[in-house]
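Let's start with one chain on its own, the form predicted on its own, as structure tokens.
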């Protein structure tokens, strides 16, 4: 395993560089951070030329990539054009903790809910429970997140009120003004009420899809010959299901969960916009719309790194779930 991990980690380096190069090339074609400056009569052409030279935009694209990549490696991520006076590093690390809180809760909640529901749906195939879970899954997968988010805001922030007349849940934002300096527990409880609706909206889509996948994988395993052999050997149905069928059905869904992991950092732009959450998803979307090349490129790079790491983590988890899988 150690040899395998060392080899895979070394392979990640050219993969990350290659994927980042492609993202850099595509973003360079669709994003021009100087377009707005040229249209602004208050900015002199000489200043634009100076900035292009300072940021390396007067170089060929391949030389510009290596200059940018070298700066990123040493920690110089460039300025943020979306937030003048701040660097891309400051802007990203201000939004990243917020997205990590929202998406981590959504990720954990989705896994804990979808895997057992998918297994129950498969074990009770064609029953009322199965049909109900299937209906719930299709509802989750087909429901537009922005519409469902707005409906939740109407119900829990407009219709339902506390005895004091305050909305049951805050309609948007991430924290009550003034709570930043409060003690840890009150601050977390205050933030928790802001996270309830976004987490539910994001989880609904993930749970809907993962329940269907888990049901499909579980049904496929339940019809395997080795389960009939296990039953013929006298093993209890509980042992057959949980020790043999369930663990083997988890193997393919691990890949789906691992590939969803980078979403923890990239965030969900639409949901963050609906609930006015200053997270990574909203930041990346704003950066791309406003031609903030340094910020958008750093966010894409972080997502690329997480994708390749998630694939490696999935391979390691395979060997934990299924002892038959061994790497050398």
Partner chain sequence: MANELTLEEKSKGRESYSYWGLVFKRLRKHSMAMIGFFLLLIIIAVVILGPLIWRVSPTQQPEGMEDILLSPCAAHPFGTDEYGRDILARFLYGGRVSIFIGFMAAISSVFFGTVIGLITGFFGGKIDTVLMRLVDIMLSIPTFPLLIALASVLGKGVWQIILVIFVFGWMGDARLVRSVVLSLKEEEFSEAAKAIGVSPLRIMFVHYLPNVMAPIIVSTTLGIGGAIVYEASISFLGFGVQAPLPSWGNMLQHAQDYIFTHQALVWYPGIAIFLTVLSFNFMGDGLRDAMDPRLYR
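Each form is matched to the other, and the largest set of C-alpha atoms that superpose within 1.5 Å is called the rigid core. Here the structure is a predicted model, which means the values were calculated and not measured. Numbering follows the first chain given and starts at 1.
What comes next is about the form predicted together with its partner chain, which is not displayed.
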Only one of 135-143, 97-105, 70-78, 185-193 sits within 4.5 Å of its partner chain in the model of the complex by heavy atom distance, namely 135-143
Taking its partner chain as it sits in the model of the complex, is residue 153 in contact with it (heavy atom to heavy atom, 4.5 Å or less)? yes
Is there a non-hydrogen atom of residue 310 within 4.5 angstroms of a non-hydrogen atom of its partner chain in the model of the complex? no
Residue-level contact is defined here as any heavy atom of the residue lying within 4.5 Å of its partner chain in the model of the complex; does residue 212 satisfy this criterion? yes
Counting only non-hydrogen atoms and a 4.5 angstroms cut-off, does residue 259 reach its partner chain in the model of the complex? yes
Which pick from 46, 38, 63, 30 sits with a heavy atom within 4.5 Å of its partner chain in the model of the complex? 30
Each of 14, 18 and 274 having a non-hydrogen atom within 4.5 Å of its partner chain in the model of the complex: is that the case here? yes
Superposing on the rigid core, does the Cα of residue 300 end up 2 Å or more away between this form and the one not shown? yes
Does the C-alpha of residue 277 move 2 Å or more between this form and the one not shown once the rigid core is lined up? no
